[in-house]
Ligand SMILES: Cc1cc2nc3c(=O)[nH]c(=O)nc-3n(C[C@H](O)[C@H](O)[C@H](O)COP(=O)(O)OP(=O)(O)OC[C@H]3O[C@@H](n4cnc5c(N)ncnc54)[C@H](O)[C@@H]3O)c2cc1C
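Next up: just one chain, as structure tokens, the form predicted on its own.
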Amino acid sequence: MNQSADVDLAIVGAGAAGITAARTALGLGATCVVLEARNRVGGRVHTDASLGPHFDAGAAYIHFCDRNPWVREARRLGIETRQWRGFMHFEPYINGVRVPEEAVLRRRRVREGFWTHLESIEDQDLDQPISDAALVLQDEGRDAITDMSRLGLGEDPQHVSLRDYMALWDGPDRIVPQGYGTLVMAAAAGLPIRLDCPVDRINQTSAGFDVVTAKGVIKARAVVLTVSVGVLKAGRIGLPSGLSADFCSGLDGLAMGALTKVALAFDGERFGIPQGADKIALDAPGGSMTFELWPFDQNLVLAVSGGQGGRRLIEQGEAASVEDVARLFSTIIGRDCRPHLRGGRLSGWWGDPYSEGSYAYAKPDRHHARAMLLDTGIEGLYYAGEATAGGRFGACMTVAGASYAGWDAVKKALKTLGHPLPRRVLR
């Protein structure tokens, strides 16, 4: 290692990408330090137990679990995972009245027909907004696709590239009874992580980089930057001059969704509703809202909204959001739930200065933006995270994708530094 450097790699951010990057670097014999602005690890993967019962405030599903490295990691750590039954079981309500089964089946058929329609679209036309592709559907079908976009991607469909969405891997999901955040936190044990250490700016020097933090300067030969696209676009970290035009264009082509959760903790009253009888309010303000009831047999209801509806919750603040969600839940169950409500939490990544959104989506006509982020134009500076997990990894917007990207960035960084790498890592 260059004697003027403190470490081979400075890794900015202790989310899934940063944790995987650090473990990869140490496993290959390189030195590193992880700099995290928050007082905890995990980033947008966080299990919140502040209400007593716990819930995943951010990522909750081990997607495409047949090829997701976190399944193996959970097994290594002795943390249980379970197969998730999917998202088609939610019972839909409008004005507090359950939608007839015939209408539910009709929505399902329309949604399935949408996928068939997509097969007829030429590749060059796929970069249109998801909403444009849904214009061939009746109103009911367009509503179903809007729900899919808001609740799956955290954004309204007119803002999202269909081609980017179609590139995502698919497959069965698993869930973590102890919490996905608990799993990711366990994977970070023993790593050289500095918490409460926000990075102010990164300066390029003749020997590498000076990473200026709230607790001093770290000198590194290379930097792996794993903060969200939203944080970079907000200018919260000063970057060296010389960023490539492609990199800047890539940032412009991406935006952050607003998948938002509100957790309601109850005193043990479950209103005669069994665990797993989950609901969806199709007429929630700003867009449909799902209600997961009594997850892992806890006295908790977890509401999820996205896009316009998710931003609305964040903008009105925690107290008002908890009240609104409790009132809406009351209309569904046919009685006022609030006398039994013991607390609530708003989890809004879009309003979090260390996230600025839930995860990154590509704008229409900008599906190539993710690939443009892979080369910053500055030798020794690498960007990695869920936003860059495209290309050979169709894992954008996922914890697995962030991990793949962190692994890949470290491999590139160490190769550039001339660090010896095993042949199996060079593939």
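These figures come from a predicted structure and were not determined experimentally. The first residue of the shown sequence is 1; numbering continues from there.
This protein has a second form, the form predicted in complex with this ligand, left out of what is shown; the following refers to that one.
**Q** Would you mind picking out the stretch of 282 to 290, 222 to 230, 311 to 319, 162 to 170 that comes within 4.5 angstroms of this ligand in the predicted complex, counting non-hydrogen atoms?
**A** Result for this chain: 222 to 230.
**Q** Residue-level contact is defined here as any heavy atom of the residue lying within 4.5 Å of this ligand in the predicted complex; does W349 satisfy this criterion?
**A** Looking in the predicted complex, residue contacts with this ligand include W349, since a heavy atom lies within 4.5 Å.
**Q** Is it the case that Y382, even though its partner is missing from this view, gets within 4.5 Å of this ligand in the predicted complex, heavy atoms only?
**A** Output for Y382 is no: heavy atoms all beyond 4.5 Å of this ligand.
**Q** Do A16 and this ligand share at least one heavy atom pair within 4.5 Å in the predicted complex?
**A** Output for A16 is yes: heavy atoms within 4.5 Å of this ligand.
**Q** Tell me, yes or no, whether P295 is in contact with this ligand in the predicted complex, where a contact means a heavy atom of each within 4.5 Å.
**A** Heavy-atom contact with this ligand at 4.5 Å: absent for P295.
**Q** Work out which of V199, I130, V325, A187 lies within 4.5 Å of this ligand in the predicted complex, going by heavy atoms.
**A** Contact with this ligand in the predicted complex is made by V199 alone.
**Q** Pick from I193, I237, L243, L137: which residue has any heavy atom within 4.5 angstroms of this ligand in the predicted complex?
**A** Result of the distance check: I237.
**Q** Note that this ligand is not shown here; using its position in the predicted complex, name the residues of 26 to 61 with a heavy atom within 4.5 Å of it, in sequence order.
**A** L35, E36, A37, R38, G42, G43, R44, V45, A57, G58, A59, A60, Y61 sit within 4.5 Å of the partner.
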